[in-house]
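In structure tokens, the next block holds one chain alone, the form predicted alone.
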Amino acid sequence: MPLHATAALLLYCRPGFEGDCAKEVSGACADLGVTGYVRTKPDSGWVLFVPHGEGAQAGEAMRILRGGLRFEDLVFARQLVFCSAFVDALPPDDRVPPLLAAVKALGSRCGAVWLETADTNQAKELSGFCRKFVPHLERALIAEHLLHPKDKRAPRLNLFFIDSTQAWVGLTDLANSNPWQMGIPRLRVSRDAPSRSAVKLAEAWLALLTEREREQRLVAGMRAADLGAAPGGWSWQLAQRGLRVIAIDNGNVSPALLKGEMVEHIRADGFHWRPRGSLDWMVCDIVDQPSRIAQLAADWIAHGRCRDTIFNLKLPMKKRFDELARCRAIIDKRLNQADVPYLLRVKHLYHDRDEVTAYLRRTA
């Protein structure tokens, strides 16, 4: 059973977005003074960044990345794992001993263990194996004093299985990682929601806002506008939080949504409608050029029409990374011209497809 000591960053992503994820992590590492190379395969659902150098040099590179690379700043990554070993040729009759050896080499005890795979149909066939194998591994780790489930501050042990005989072994920092296994939130769409898009806004609040921000910035009685609202999934989600919503769309919204007093429908173009006075929130899921949506959101914040906004950017398939950079520049230019301090977070959510979801807030 070969155990390969390899310092590397492992990132999960949506299949088909490996190139965007690789370009992003390479740039982020370079900004921290760490160069390396990327290993991945098209439609694999994962990317590996390996720093240049070996031994102490590689160790120093990983130390720098641990201290400076922030998961929340990565758009296309679903998870960030700091790996130190790759195990292959795992014996099917007794995988525990070689994996224990790999975990011991990490030099750190852990508080939880996740066995994961890529989010592909082929890899999902391993999910049954992982579910059956994890209790055996947990018992062995506890017996070796490597796993301490009551230690809520210890890092998480991640075993990422390429197949049932190969796995990357690494750690995730609870404060610098995705809290959902495989980076996939387990959210359900209520039968009362007018569309499945409602779950996308629910995920955006969880992924882009902290718990404290949700408590402070999503308060019953606040007022919001939903641009491009039809059929009303996002308006429904806002109303469920107790916000009063103005649904803007020339199309029809769900009649059930309008039966209460929480949602008002105005037939208008979301690009041209303006509120009377200032609102707390604006959300936008209009399908249009991402640069137009970025300009629209920046204008709302610059003019004080709202304090917080969540919007989707439908990125072109072959220029996703470059187009996102262009949208960031549009927002930065507009708000700097208006002398408005702001916070911008962007994520390729699990419920996104070719779009990314952004949260923009005026900070003063």
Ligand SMILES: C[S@@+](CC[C@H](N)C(=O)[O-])C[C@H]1O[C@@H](n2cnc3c(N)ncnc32)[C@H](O)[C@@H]1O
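The first residue of the sequence shown is number 1, and the count goes up from there. Keep in mind it's a predicted model, so treat the numbers as computed, not measured.
Beyond what is shown, the protein has a form predicted together with the named molecule; the following relates to that form.
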So, a 4.5 angstroms cut-off on heavy atom distances: do all three of G228, G232 and I286 pass it with respect to the named molecule in the predicted bound form?
yes
Option touching the named molecule, based on a heavy atom within 4.5 Å in the predicted bound form, out of V134, A140, L206, A268:
A268
Have a look at I248, A167, L80, L157 for me and say which one sits with a heavy atom within 4.5 Å of the named molecule in the predicted bound form.
I248
Looking at heavy atoms inside 4.5 Å, which stretch does the named molecule contact in the predicted bound form, given the options 191-199, 174-182, 107-115, 217-225?
191-199
